[in-house]
Every structure is written in structure tokens, then in C-alpha cells.
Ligand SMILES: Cc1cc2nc3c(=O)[nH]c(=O)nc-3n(C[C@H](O)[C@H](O)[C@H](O)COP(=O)(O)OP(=O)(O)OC[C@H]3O[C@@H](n4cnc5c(N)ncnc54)[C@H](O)[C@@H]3O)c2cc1C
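Here we start with a single chain on its own, the form predicted alone, put down as C-alpha cells.
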């Protein structure tokens, strides 16, 4: 089938019977479970938006002529790239950018590796064909994906093969005629309990060596594959009203530990099998990291717009918008927004066709933005907390306002410059949920580690940055001063 509706998305989840655990119990039906049902409704809204705005969210499949999701599109022109980005941002605005793993993130990865599949053929031409076929399958069936990149945090000072329990991490256990057997644990599958399939790929942060070959795998399987378990962390959806918890009651994606218990993966679903060299080069040499970063920066522009809007509303509500230090903090977020938009614009305007015919955004701009955002996001949430001050602590619930006796007291006592108490507290609860609730704190932690440890990311950025031209500039300047040492001085 082509692009799916929200109802179809929910039907698949209900029928799949994925092996999901949370709060010490197995989930029979995630569409009805309190930890998942609200975010599933939000995911369904994303898929319904495809049909609300088909000219923006859908395009004609090159193989079936059916209408498929725009975020799967292989962009061949700048216009295609911009159209895909506009679809990404259309989805992001539904959640204010608070859903970091909305389906478009992995749609971009599947597209890039499906088109630029030559690398996988180094081991076997079959793997390149698998990547190409899976891209078409995911696009034509609007598959929603979770993914996992990280080994368990046992002893980061040692390689996986040197761990006391070397088999705790996901590894290749056996090759068979019709597929492979994999076993072990992986972290950290966001949306693990609410998607169709799981994509397994290596980490992009720490290169692997030959000793890591048994752990160097890339494959995809349905989430209801026998032996596959998703062990979800505690839900930050407190099963409260959307008034009390405007974000966590709707956009709590969840994160899961993934356990593979002798899971069988058919060969046609395997892309890399025991080859650390290919794993190390996959994201860069297929340009997947560029298209995924493009999605992330597009989403983060929307997220920063949402944060700025919240800050401006908060300032205005209590009449602090004329104070110098308050305006300075607002300016700080405005500068962040315009800088992110500039990075995104440069990435698109400097895009170039790669050898596979895909228009690929400029990675220098994207790489700067993806290294910078984890450093500024905690500061933006701090600004909200500073400006909200005690108002973020004194936030009654909707039930308090509905109470016949105390409701009127609260409505009067918590009034703002231009808002009734009820409206003012509703706004402040949004700011609180964005920054101080379990959901809000998870957002800060999540953005900080989005692409990996920011320090390691920064070291990689430093090492890969083209420095010689800047050093040469200084050398040339100093040489010129030597040449002209007597000029105007003696």
C-alpha cells in the first residue's frame, strides 16, 4: 500500500503484537496502554497530515505512481530538497519540534542508503541490492522505523571484545544458509514500542576495529520478530490532561532497551555482516549523515521557534518584556533561531549533486549546526526557567481551577498583566513541561546527546575542519610585516 493514514498506522500496531514491556508488565495493545496511547494518537496525526496537505506531504512514487510520503523522496533538484524540508517542518510544527524521532528522520536514512548502496556491495552485491529494495519497500508501505546504534554502557574503557561479558552486546552468533542469528542487547530505541520495524546500525561516534567485526552489523526486522523484546523506560506521560501537561501528555516518545534473543534475520534484510570497515564508513560515504542532519536542523529550527514563542508570551504575560536583562535573554534566543535558519539556508543553497544523482545539502553548514545546537539548547531552557522564576513553581492544575470554591480565588490571585489566572497558568504549565518536568528534562538531555557525546563530536569536528587556509592567512600576514618592517615606522 502507499502512504498510510493515522488509522492504518494504529491498526498495524494493534495487530502486530510487538513484544513490548513497560512498568514491569507486557503490553498487550500499545494503542490502548496509558504509556503509549497518547503519543500514538500524535503519531497518527502526523500520518493524517499527509492527507490533509497532500500537495506538500505526498509525491508520486517513481515505481508505482501511487502517492507516497514526501519525506522518503530522493531529492534530485534544489526544489526537491526544499519541498522535502517543508514537509519535515510541517510535521515538526505539530509537536513544536518535541518529537525528535518522528518518522522523517529514519526515512531520510533509508532513502540515502537505498540510493547510495555501492558501499554495501564491497562484501557482497546482495547487500547493496538489499538496501535498494528496502528503500523501495519502506517508501511504498510507509514503514515507521525505530533504530538502535549503541552498545550497553558496561565498560567504556574497553572494546566490546574485551568486555568481561563479551556477548552482552548485540553480536553475530551464526551465519546460516538463509540468514543470520544475532543475540545480545542494544540501546536506545526511541519510539521502540510504537513503530513497525527496527533498523540496526553501528554507532557513528566511535570507529570500530577488526576485533569489533562480530558487533559490526546492519539489518532491519519487524518489531514483532520472534525473540525481539523492547524494554521501555518509565513513561513520562503521567496520564494527566493536556491542559496540565501540554507536551508530555501528547509527545512522550519513550526510549527502550532492545534485547535480541537468538533472533533470525533473513539475508534479504541484511546490509552489513561482520565488517567494521564498512560500518565505519556507512553514514558518511552514503551521505546518510547529511540527509539525516538536514532533517534534524530543519526540525530544530521549528523547535527554536516554539521556544522563542513561549518565551515571548511569558515575558508579555507578566510585564517583564521592557527590562534590559529580559530583552537580552530574548535576543539570545532570537540570535540562536536566526543562526540555525542561516545554517539551514546555506546547507540548501550550497547543495550539490552526488554521484548517485541526489542533491545533497552542504555538510559544512549542517555539521556546524548539529555541533552547536547541543551547546545552546540547555541555555535556552535555562532562560525559560529564569524568566518564569517562581511562576513555574506555583502552577495549580486544571482541577483546581474547576473547583467551585478555590477556582475563583486562583483565577484572581494568579492573574497576569493581560491574562486571567487560568490562562496565565496554562501558559506557565507549557513552559514548565518544556523545561522542568521529567519530559522537559529528557528533552534537554536528549538534545545534548542527539548525535553522541558533544565533546567527542567536537573533537571529530576539530580534526576534520580545514585549518590550513586560516594558518596560511596568518603566515602570509606575518611575512608581509617582515617585508615591510621599515614602512612608516622609521
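What you see is a predicted model; the values in this text were computed from it and never measured. Positions refer to the first chain, counted from 1.
This next part talks about the form predicted in complex with the named molecule, which is not shown.
Three-residue candidate spot 445, 452 and 456; every residue lies within 4.5 angstroms of the named molecule in the model of the complex by at least one non-hydrogen atom. Of the stretches 296 to 304, 362 to 370, 216 to 224, 151 to 159, only 151 to 159 has residues with a heavy atom within 4.5 Å of the named molecule in the model of the complex. Contact between residue 85 and the named molecule in the model of the complex is not found at the 4.5 Å heavy atom cutoff. Within 4.5 Å of some heavy atom of the named molecule in the model of the complex lies at least one heavy atom of residue 189.
Taking the partner from the other structure, the named molecule in the model of the complex has a heavy atom within 4.5 Å of a heavy atom of residue 255.
Although the partner is absent from this view, residue 101 contacts the named molecule in the model of the complex, with a non-hydrogen atom inside 4.5 angstroms. Proximity to the named molecule in the model of the complex, taken as a non-hydrogen atom within 4.5 angstroms, holds for one residue of 290, 73, 147, 269, which is 147.
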